[in-house]
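Below sits a lone chain in structure tokens, taken as the form predicted on its own.
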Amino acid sequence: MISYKADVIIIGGGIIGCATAYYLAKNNISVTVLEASDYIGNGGSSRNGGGVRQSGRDPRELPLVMYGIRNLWPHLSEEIGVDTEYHQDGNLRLGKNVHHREILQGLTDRANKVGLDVRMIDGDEVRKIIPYLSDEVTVASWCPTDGHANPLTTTLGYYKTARKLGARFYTGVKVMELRKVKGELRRVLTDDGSVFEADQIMVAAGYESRKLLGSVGIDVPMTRSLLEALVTEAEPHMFDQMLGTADADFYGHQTKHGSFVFGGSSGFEGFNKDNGTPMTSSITAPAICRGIMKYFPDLADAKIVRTWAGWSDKSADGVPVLGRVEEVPGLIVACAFTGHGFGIAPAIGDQMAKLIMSGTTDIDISALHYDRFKAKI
């Protein structure tokens, strides 16, 4: 018995699912979104550092995020009716030694080859941009068109606007199985016995995508990686740039309200408690704080108001899996974003909607297809 029908079903109510639903509904496509949690955006979409960056990315995903920054992010607040708090004030990827310089130079060279405006600068130039940085910073890559935004309000905006346009969202509905009909993917079975049917089904459920895709014989090679962060009380304005490091072990920015969001790593991620809601390790927060004080001595006395942790879906080769899956007609995947999903989400939603509606995308995503993992003969 078919309980619900739509043109498109999206599994996953994070920012990728909400954005795709919005762009489909905007074009009068009937779309249903199924979210296992009781809350929209309860996974990585509400547990990330808010970076909207091109620098430091793999060249295979750069065209997508560059497209989004040029065409979608600048007017997104007006389009989806919320303040996304988007700042396009640049990204500094910081280094302290010769090894860091080598890493940053390699990232810069690869980005330049695909047309991204990013360059290497020395410690003195870094401190002209952010005077509060310590003398330990000796080198950085600088991308002036990068920035950051608010993950919570952006996800909420896509969700609310998609609903207004007719998209249906079901929360607290856990998908148990995907099912083919006459060789094509058509049905979604849920834990309450409901059966949803559509002509096309997109799986965008983070790490949980792996199990769901396995029900139709598809295995995306990915693991879970824990991200941990802290938020400080509001401080006087210090900088508007997004920050990262050569080793990708520290990131952060100052929000519109004055608080700082800083993330980092202690190396103990595999030992955290997780009773359904991942918890920050008592080891990681102090490790992040020591890093902050080395980069920003003036923040040594800043008070932490909360910490959070969240799982990212880490792919085997560090870039997402996007597009149709040849072996399963009717299936579209958008997962394994490896902690890079928020900033690229508007472009993903826009392009996946176009793929679903017309069969093609404006941006070549062939290097991100699932079939890249097939054995080469």
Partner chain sequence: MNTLSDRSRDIGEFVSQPGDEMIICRCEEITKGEIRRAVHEGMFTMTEIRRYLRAGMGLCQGQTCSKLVKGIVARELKVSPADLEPATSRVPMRPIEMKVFANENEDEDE
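Residue numbers count along the first chain shown, from 1. All figures in this text were calculated on a predicted structure; none of them were measured in a lab.
Absent from the display: the form predicted together with its partner chain. The rest refers to it.
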property: Listed residue (N27, N42, T338, S30) with a non-hydrogen atom within 4.5 angstroms of its partner chain in the predicted complex; result: N42
property: In the predicted complex, the residue from S194, S215, S134, T223 that sits within 4.5 Å of its partner chain by heavy atoms; result: S194
property: Partner-facing stretch of 295-303, 86-94, 205-213, 103-111, counted where any non-hydrogen atom is within 4.5 angstroms of its partner chain in the predicted complex; result: 295-303
property: Joint contact, S46, L156 and S282 to its partner chain in the predicted complex, by non-hydrogen atom at 4.5 Å; result: yes
property: Its partner chain contact at E233 in the predicted complex, heavy atom, 4.5 Å; result: yes
property: Contact test in the predicted complex: W308 vs its partner chain, heavy atoms, 4.5 Å; result: yes
property: Partner contact for R179 in the predicted complex: its partner chain, 4.5 angstroms, heavy atom; result: no
property: E326: touches its partner chain in the predicted complex, heavy atom cutoff 4.5 angstroms; result: no
property: Residues of stretch 333-360 in contact with its partner chain in the predicted complex (4.5 Å, non-hydrogen atom); result: none
